[in-house]
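Listed next as structure tokens is one chain, alone, in the form predicted alone.
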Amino acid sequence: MLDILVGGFYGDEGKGKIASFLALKDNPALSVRTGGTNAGHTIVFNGKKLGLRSMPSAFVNPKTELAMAPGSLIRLAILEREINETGTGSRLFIDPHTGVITEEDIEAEKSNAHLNGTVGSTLQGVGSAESRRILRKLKLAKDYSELSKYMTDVPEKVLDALEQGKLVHIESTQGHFLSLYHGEYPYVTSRNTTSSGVLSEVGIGPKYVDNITVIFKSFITRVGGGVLKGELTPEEAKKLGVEEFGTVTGRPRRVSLFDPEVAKRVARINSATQVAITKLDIKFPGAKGVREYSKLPEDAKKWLDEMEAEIGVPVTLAGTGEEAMDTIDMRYKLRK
């Protein structure tokens, strides 16, 4: 069984939280991370908070094997640090074709006025590395002897697990409207962030997919340039309690209110089978820490029902706090 997790807006939707919750709840045999180090996933578990830029958020389950997709990009120093932080070196697998970002890539972006100014790039070297990959100049994981102990054909590993009836999770990074092809170009990232793009990064076909969970937040945020419909002023965002800062950059995030029409379009393009909505407790403070649907405030229940009707896809997961397990599981809707 193959489940894909993708972001629905401009990133920062809480993919790390949902991925870690599902890893603990569903016990996947394997979790594969796509994307690059320009995206940070925040995980809070057992009182410890980590911002991961390479490692799959499923590391919280000690039984789950972890893998980097051939289409993903890593930085050696960041990967080494996260292996040490999570203690996962013995269960990590890296595809030989995984790309490696160098300091040269980072410096190239910092000196690029278009990326640094107009686009508002995170300047983590991801775009430069992708460019060099296309030009056949990028070094891959197989070119680094220090990574040899992790080398594994990840597509084959995924397919073997699926053929054995095991559960595999694929964790995407960033969000739908940062897609190189479907976002508001040029204010986008350097990859296709939709469910189809995620599959291509892993290297397997769509027939294997069972579930696609699109993750939204109860409000919308984005970092960098580009239009943000209904954007709030910093003062309005602070007053509503939706002021946020980027995991990787530390930059303040621009904010607008949840837009169900936009969410519906995203769900359709990504072929969503279910929707997760995080930070419900920010919109409804009485929902904070609630882990059962029956204990939610009535106004929160009503809002979730309304969003489900407007999006047209079952809302099956709701985040009610930072902690991974502060999540309401409503996937029983899929069994009706």
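Counting begins at 1, following the sequence as shown. The shown structure was predicted, so the numbers you read here are calculated from the model rather than taken from an experiment.
Not pictured, yet referred to below: the form predicted together with a small molecule.
- Residue heavy atoms within 4.5 Å of the small molecule in the predicted complex occur in exactly one stretch of 80 to 88, 166 to 174, 144 to 152, 229 to 237, and that stretch is 166 to 174.
- S31 falls outside the set of residues with a heavy atom inside 4.5 Å of the small molecule in the predicted complex.
- Using a 4.5 Å cutoff between non-hydrogen atoms, A58 does not count as a contact of the small molecule in the predicted complex.
- With a 4.5 Å cutoff on heavy atoms, R75 does not count as touching the small molecule in the predicted complex; it lies far away.
- None of the heavy atoms of G286 is located within 4.5 Å of the small molecule in the predicted complex.
- Only one of Q274, T278, T64, N270 lies close to the small molecule in the predicted complex, with a heavy atom inside 4.5 Å, and it is T278.
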